[in-house]
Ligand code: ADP
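Below you will find one chain, with nothing else, as structure tokens; this is the form predicted alone, and questions on how it binds or moves follow later.
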């Protein structure tokens, strides 16, 4: 294969993996030999070769085969060494060039996602404190809280903010050495250094960064030697007034099998919780994504109410929410139809089913009683005063709409009422919604409180 052909393959890989990932992980590769179905590449370090093998080998092989090359597997050789993990790795330089996780710096960082910037991060009440704290760190000024510890459930934006900080620092302070990686990669690098007797190189590398960012730190819990090294690295950087940013799926004190001294250290900075998304934040995220998809799928029509419907129904995870929108636009494009509420319900039936919260009738009754300032006992009791009967009918209507309970079951939860009474209450609310704007607003608010 000529260098010209490899150049064409690399151009195609830019489109496949994104420019940032390409610059970090593909551009440093040097094709040294292609023979007997094996493509051999020179790489700067063993870690680098292992990472490319795990994450990009399939992309590279596919593009090589598309040019007519006979490639069954890839091998990555360190300059002056052997193949992949069996090779002698290139020595870690005492003072690598400054950059943000660039491959030719020997920084064992993970690639940054070009989509995860502050500009693409939608801010709402559940995440505004985490966003403000991340912004402050990204300014690259004097360390004000150390570490910054971000925690929350899956798909709430922890990794997005971590990448955004790294991108911003890269732009504002190119002189800083910023290292972003997962806790799993930290452990992998540490174990590799132990195995290859390069632990002093490992220590020097990790203690020489200006900003250390470790994602999913709960991964090291229960791994004693890795925790020991992490603790010493943490202390060394704090003593040098270097910034540390950590993320996890729960608060430091709640991470099982994490050493107490590490928990104490992690709690000495600013600990920020990314709360579950609310309706307004989910809608804002969808509206931002739609702008991108309208450019990608030109000519598609999005009917009113679809985004609001998705924001109401898919409440557990932003990734699932974004994935649902991606599927919806792709499906509508393939079948050539307008994106309507009916199409969304058909196309996303499985996601909608799995995302439905299992609301209880008691929860609905309690929330409605609080909203209308009546006693829960009156709602399920016999009183027929208007200020009690109307909220009772609202609760019946919501129980019918938001749960899978049958009318007789709902009736039993409302003081043993007959199913015909429940039907009457549901129909009454449906009629009033069309003419009573206050009632319609109440129902919309209650839906948000119960579903979001």
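Residue numbers count along the first chain shown, from 1. In this text, all values refer to a predicted model and were calculated from it rather than measured experimentally.
The same protein also exists as the form predicted in complex with the named molecule; that form is not shown, yet it is the one meant from here on.
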property	result
Stretch in contact in the predicted bound form with the named molecule, which is absent here, among 331-339, 154-162, 370-378, 303-311 (heavy atoms within 4.5 Å)	154-162
The named molecule contact in the predicted bound form: residue 19, any heavy atom under 4.5 Å	yes
4.5 angstroms heavy atom contact with the named molecule in the predicted bound form for residue 316	no
Proximity of residue 214 to the named molecule in the predicted bound form, heavy atoms at 4.5 Å	no
Heavy atom of residue 127 within 4.5 Å of the named molecule in the predicted bound form	yes
Proximity to the named molecule in the predicted bound form, single hit among 193, 348, 148, 285 (heavy atom within 4.5 Å)	285
Contact residue in the predicted bound form, chosen from 281, 246, 138, 179 - any heavy atom within 4.5 Å of the named molecule	281
Residues in 115-141 with any heavy atom within 4.5 Å of the named molecule in the predicted bound form	116, 120, 121, 122, 127
Note on residue 204-residue 27 C-alpha separation in the predicted bound form, which departs from the shown form by 3 angstroms or more	farther
Cα separation of residue 27 and residue 176 in the predicted bound form versus here, shift of 3 Å or more	farther
